[in-house]
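Okay, here we've got a single chain as structure tokens, the form predicted on its own, with questions on binding and movement later.
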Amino acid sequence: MFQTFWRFRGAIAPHVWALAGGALLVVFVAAVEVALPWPMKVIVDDVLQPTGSSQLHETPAFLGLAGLSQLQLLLLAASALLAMTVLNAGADYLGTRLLNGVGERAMATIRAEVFTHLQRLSLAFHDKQRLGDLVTRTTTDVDYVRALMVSILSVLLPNVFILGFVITICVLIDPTFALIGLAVSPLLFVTVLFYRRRIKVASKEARSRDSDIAAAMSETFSSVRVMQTYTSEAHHEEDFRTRNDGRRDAGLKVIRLQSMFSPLVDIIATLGTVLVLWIGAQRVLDGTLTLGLLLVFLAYLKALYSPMKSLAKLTTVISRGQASAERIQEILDTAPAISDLPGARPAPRLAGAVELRSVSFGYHGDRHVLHGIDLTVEPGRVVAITGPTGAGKSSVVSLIPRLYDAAEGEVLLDGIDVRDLQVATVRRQISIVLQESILFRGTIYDNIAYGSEGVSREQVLAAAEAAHVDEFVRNLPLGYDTPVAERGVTLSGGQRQRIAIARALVRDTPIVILDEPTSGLDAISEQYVMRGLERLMAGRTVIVIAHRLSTLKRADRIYVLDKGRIVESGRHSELAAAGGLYSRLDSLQHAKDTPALTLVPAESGSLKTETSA
């Protein structure tokens, strides 16, 4: 469990003095706890029962208080008990506040570190992850680690010191009696060890089930419009119920183990107490032990078993915290697949030349989706990439800003291998407008200025006007300060695209990538978006994924992809007359009445086209 501190030592190091102060206060509290039974011993043996063997009543003499009367001893012992209790409470308050403060600050650092690291991990990592699981690791798992660290410092650590103090004092006072009190400790230790391992495994399974639930909720409510439109609520409810039942069963297993564990520890500890009480009572009766000393031993016996009993009650917290720490560490130990190579230099201001030279690429090792791609774009030119769905168009453009690395071949910007340049300096010179543009929480102004540090308000408003954002913003009561809901769901598709185009204009990059930016828009929205795109494309190198003839005809060169290979390239007129795949795609768009199935190879015995009713 102490490995957790070592794992996150970087986050704890700035708070080492507060941690040390809290630990010292915890040790002080433990020492005071050990001293608390002695005033009661003086009251019982030297005030209430002053008669008997002098050897059994030597505490006042040992403290130099032999000449005090019974009333004076009572007053002194009671005052000492009160003073130690108040002092103990104050030290406990300060220690708890310090340690909990360190825990909160360290966890804030760890949470920020996990978030920052997740942002830097490549798309190859995020493609395999569930969003809900990542959210859980960044929030709930971090909280569980905090609970573990605070519990170790504020509960376990003082109990360990109390255990050491008690054993030492008991052995010094009466070694035989001390051994009797420790007789059940081996059994208690084995029981704790046996159950703790099983509770840890069960807790880890419960944490995994928590992530399943978070992932299901994230997926469901991020697509709530589709779910309600397709009346699929029952399907999602059944899926969530299955995941929820799995989490319930995992939680019940943890509870079952803990419910068996804690009472068992109490029974074993009580056996030790009964043994000491039985033998101690006989020694008090035969005069070889005072009643006060027996009370001290009983109090110490309780303190002796307290660390293991506390561990029993903390087992769930510790096991859950350890499981969460491992899950967080998995994230932090994952190295970014895309990073600056040794010796990588900042990218100069690019002219905009792009070249893919014999590039092959795959998302899963040797299973390539691109094969031997050769593609060249001269600065200031417009190149279109087209082809059937799944041909690899988006994969090609993802290699240019180095969202992925090519498995074979080279991606060159102005003749420089993109891997020889610092990633951030490359991406700052590339703007992307996606088919479905993503907006973030904030205002419309914030979303236009997103990713462009240091731009003036005049630049942002000029870009918004050029992209025809002002056409709809001027009708909003708050104008550019209008809040945008998550993912921009309160705006239409055309409005979101115009904001995305304005965002790209503000960046003023030499290279622009357009991924079917007008797909799915109505005619009016498309006109506004196309006007904005014309201004965005002016004087820049543009690589556009497109199917619309209006866009393809504007391209200086068109590359046709099919099954991860470039099968044709040229201008629109050349390709349309060549009789290849592009010609068939062109014919399909011209003949609107032609069924889409004509391009799809028909299976044996199936119809190639639909018949009209």
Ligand SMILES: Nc1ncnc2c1ncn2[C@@H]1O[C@H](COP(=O)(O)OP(=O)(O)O)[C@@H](O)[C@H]1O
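Quantities reported herein were computed from a predicted structural model and do not represent experimental measurements. Each residue number is its position in the shown sequence, starting from 1.
Absent from the display: the form predicted in complex with this ligand. The rest refers to it.
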Counting non-hydrogen atoms within 4.5 angstroms of this ligand in the model of the complex, say which of 445, 125, 404, 161 makes the cut.
404
Just to be sure I understand the contacts: of 251, 510, 388, 494, which is the one whose heavy atoms reach within 4.5 angstroms of this ligand in the model of the complex?
388
Hey, in the model of the complex, does residue 395 get a heavy atom within 4.5 angstroms of this ligand?
yes
Interface membership of residue 347, this ligand in the model of the complex, 4.5 Å heavy atom rule:
no
Does at least one non-hydrogen atom of residue 423 fall within 4.5 angstroms of this ligand in the model of the complex?
no
Is the gap between residue 299 and this ligand in the model of the complex 4.5 Å or less for some heavy atom pair?
no
Have a look at 457-465, 362-370, 174-182, 137-145 and name the one stretch with heavy atoms inside 4.5 Å of this ligand in the model of the complex.
362-370
